[in-house]
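Quick setup: one chain, the form predicted alone, written in structure tokens, and binding and motion questions come after.
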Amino acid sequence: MNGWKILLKEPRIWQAIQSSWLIGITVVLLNLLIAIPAGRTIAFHSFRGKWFFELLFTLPILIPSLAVVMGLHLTMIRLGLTDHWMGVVIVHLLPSVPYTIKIFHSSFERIGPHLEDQAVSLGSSKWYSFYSIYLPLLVPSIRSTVFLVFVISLSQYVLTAIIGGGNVVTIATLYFPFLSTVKESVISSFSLVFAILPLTVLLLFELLIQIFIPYRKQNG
């Protein structure tokens, strides 16, 4: 209990939790918006330069994010994105988007394009085919993405510190300086916060899945 008392007396703890939630959920949503169409395009279509397209999305895995961010820092200063949570969201996309695209690429390859072709031949629009056929089948990938991406975003200390400039306080930026200075009970309390936050986000997205994705009762 002593660890929790010290943690709760930290004046920036609630600001850090709110910032981590806002940034993490925004990064998750942007990952889904980018990776679902990108994964579908790579899986279902052949086009000139496809290898370059795939390589481009793999580069953030091959090149350290820190090196990329150092290169982007000046550009983000000119655009006014440093010291702002939106700038932190953009740099958190670098280490997360490649994994998300890989997840949905594999999912679309496993499902195949034939279901959409059959639905379109029966008069369905492509959008309704995606909503009623592919989206329910993508639910396991969506769950994996939500958890993976939020944890990646939550654990980013260096990228957040560089772009946030100390004005954007997250659990990671608050947690790491404490590692060598406080008692183990405080570190344990911090670790529990780290563990609970992804679970709350996973529950939030599970609720959204149950509300907005069709056929969940039959498939669940």
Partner chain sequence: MKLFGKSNLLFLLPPFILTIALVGYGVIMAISESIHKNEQLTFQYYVDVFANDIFIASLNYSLSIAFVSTFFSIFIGLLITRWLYRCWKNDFLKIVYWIPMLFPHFVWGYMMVLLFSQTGWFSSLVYNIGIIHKPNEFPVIINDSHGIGIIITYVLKETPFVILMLLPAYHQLNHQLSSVVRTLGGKEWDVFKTVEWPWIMPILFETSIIVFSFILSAYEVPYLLGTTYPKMISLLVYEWFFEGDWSNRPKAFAAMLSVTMFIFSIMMAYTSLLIKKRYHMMKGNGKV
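Numbering follows the first chain given and starts at 1. Everything quoted here is computed from the prediction, not taken from an experiment.
The next section is about a form of this same protein that is not shown, the form predicted together with its partner chain.
Among heavy atoms of Tyr99, some come within 4.5 Å of its partner chain in the predicted complex. Although the partner is absent here, Thr41 is a contact residue: one of its heavy atoms lies within 4.5 angstroms of its partner chain in the predicted complex.
For Pro113, a non-hydrogen atom is located within 4.5 Å of its partner chain in the predicted complex, even though that partner is not displayed. For Val139, no non-hydrogen atom is located within 4.5 Å of its partner chain in the predicted complex, even though that partner is not displayed. Each of Ile34, Val68 and Lys126 is positioned with at least one heavy atom within 4.5 Å of its partner chain in the predicted complex. Contacts with its partner chain in the predicted complex, taken as any heavy atom within 4.5 Å, map within 128 to 150 to Ser144, Phe147, Leu148.
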